[in-house]
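In structure tokens, the next block holds one chain alone, the form predicted alone.
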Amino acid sequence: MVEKRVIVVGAGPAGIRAAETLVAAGIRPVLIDEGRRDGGQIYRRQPDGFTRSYETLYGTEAARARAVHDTFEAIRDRIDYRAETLAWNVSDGRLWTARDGEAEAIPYSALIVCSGATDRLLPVPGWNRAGVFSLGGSQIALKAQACSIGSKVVFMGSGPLLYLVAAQYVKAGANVAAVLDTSPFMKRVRAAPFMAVLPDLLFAGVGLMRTLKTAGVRIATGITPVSIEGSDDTGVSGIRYTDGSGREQHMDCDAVAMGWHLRPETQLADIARCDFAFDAPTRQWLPVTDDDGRATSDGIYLAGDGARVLGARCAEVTGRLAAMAALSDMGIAGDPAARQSLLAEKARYRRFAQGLAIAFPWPHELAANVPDDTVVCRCEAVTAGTLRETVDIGGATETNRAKSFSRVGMGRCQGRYCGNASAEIVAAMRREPVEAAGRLRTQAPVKPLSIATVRNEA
């Protein structure tokens, strides 16, 4: 009998729980991860020699972070763990990886993609200046390097991560000048019935706000960004915005951390030819899966925030479900009662996520109406005006045509940071719903490879 090979991409909470489930069934999975150590972004390990406690690093999620790390250590010798390895293509039943200048095509019976999520960013005049970071980048600086992105930091955007990272900076002793939220406070009130399904998470969010207020951090809701001020030589010097009453405000700062919730990392699913569907509440295209995580392409399973952003806790649930689905499809029977329990738990997280979409909506009107001279694609320095010209003059009918004309989304990030906003701009120019603008198609490699990379024929 041919041995079944299961590959798991991503060593965050979803990937580790998937690997744990496979190991319990007697399978030694290959676990591919870009990171140097396990944990993913949310439970990122601190560097060797650092001695910060779990409570300091992970706050209310300290126990869960420790449990995920302990699980990894417990199965470490029963998995084929490949750290600092990029999964960059899926083709003909093989996952292509790269490490240390060598590319390898690994055949699989099942591929479980737990690729996580990245920041969803809104172009703001001046956001391409030195000193502007994504929320995730700001968090990495704190967790992995124990440093703040600036001496006076403004956090701007919307969503739970905005408050989480700001509170982590406060606890670390950084100077947080303000938290500026584009979502009006009353939207949180309307979302409360949905989020009440998980009261501990709801109260954790309230606790983050209490931490910020106790530290004297200014919190403003319902704001509209105007510009991030500064110069090309010295970087950020301040920020302008209008408050909820429409009054323009100015605040000095030397760094800005920004993000509007998260967007799934769906590139591998796209390359694997999985079907996508438009998700109206979050205004983005997401891969289609069944309740257990099966994608529409044979042998592909999606879990964690890389499929749909439901949070780190739910990532553990969906990681287990995806592994159980893969095992079932390979003829290895599972526990029906355990599956039903996981599905019920996932349903609660999905309802909570519905509340988050109401409480912290993507400000699509702001994205569609950014000034012409605002850089939309930071990698290729494509402005909103250039993007609009692709529609007005070039006749672009959707985002991929606009990409061909303008190079938006062709840079290092491959549209991760500009894709959502560029679709809003194209759709607004054509006076069509944003889903009519389509989505940027992914091409391999999903991230840049060194030109010196060679194929490992072993």
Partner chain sequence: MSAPVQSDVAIIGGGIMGASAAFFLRRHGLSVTLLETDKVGRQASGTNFGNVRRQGRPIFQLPLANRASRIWRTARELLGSDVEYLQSGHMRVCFSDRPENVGAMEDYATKAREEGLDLEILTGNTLRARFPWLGPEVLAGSHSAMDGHANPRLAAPAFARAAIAAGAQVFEDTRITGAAKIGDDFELEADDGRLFRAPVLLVTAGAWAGKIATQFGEDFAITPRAPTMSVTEPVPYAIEPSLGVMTALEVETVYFRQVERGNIVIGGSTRAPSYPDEYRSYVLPESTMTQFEHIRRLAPVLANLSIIRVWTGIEGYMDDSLPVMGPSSNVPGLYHAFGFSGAGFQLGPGVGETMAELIATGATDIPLAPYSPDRFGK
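Residue numbers count along the first chain shown, from 1. Just so it is clear, the structure is predicted and the values come from calculations on it, not from any experiment.
Heads up, the form predicted in complex with its partner chain isn't pictured, but that's what we're talking about next.
S.K.: Even though its partner chain is not shown here, does R401 get within 4.5 Å of it in the predicted complex, heavy atoms only?
M.R.: It does: once its partner chain is placed as it appears in the predicted complex, R401 has a heavy atom within 4.5 Å of it.
S.K.: Is there any non-hydrogen atom of W88 lying within 4.5 Å of its partner chain in the predicted complex?
M.R.: Heavy-atom contact with its partner chain at 4.5 Å: present for W88.
S.K.: May I ask you to state whether F360 is within 4.5 Å of its partner chain in the predicted complex, using heavy atom distances?
M.R.: F360: no, not in contact with its partner chain in the predicted complex.
S.K.: Is E229 close enough to touch its partner chain in the predicted complex, meaning at least one heavy atom pair within 4.5 Å?
M.R.: No - in the predicted complex, heavy atoms of E229 and its partner chain never come within 4.5 Å of each other.
S.K.: In the predicted complex, which of the stretches 308 to 316, 93 to 101, 108 to 116, 75 to 83 has residues with heavy atoms within 4.5 Å of its partner chain?
M.R.: It is the stretch 93 to 101.
S.K.: For the spot marked by F185, A191 and T224, is every residue within 4.5 Å of its partner chain in the predicted complex through some heavy atom?
M.R.: No, none of F185, A191 and T224 comes within 4.5 Å of its partner chain in the predicted complex.
S.K.: Looking at H364, R350, R273, K171, which is the one with a non-hydrogen atom within 4.5 Å of its partner chain in the predicted complex?
M.R.: Spelling it out, the residue with a heavy atom inside the cut-off is R273.
S.K.: Could you work out which of D291, E345, D329, E380 is the residue within 4.5 angstroms of its partner chain in the predicted complex, going by heavy atoms?
M.R.: Of the candidates D291, E345, D329, E380, E380 is the one lying within 4.5 Å of its partner chain in the predicted complex.
S.K.: Check each residue of 408 to 434 against its partner chain in the predicted complex and list those with a heavy atom within 4.5 Å, in sequence order.
M.R.: Residues within 4.5 Å: M410, G411, R412, Q414.
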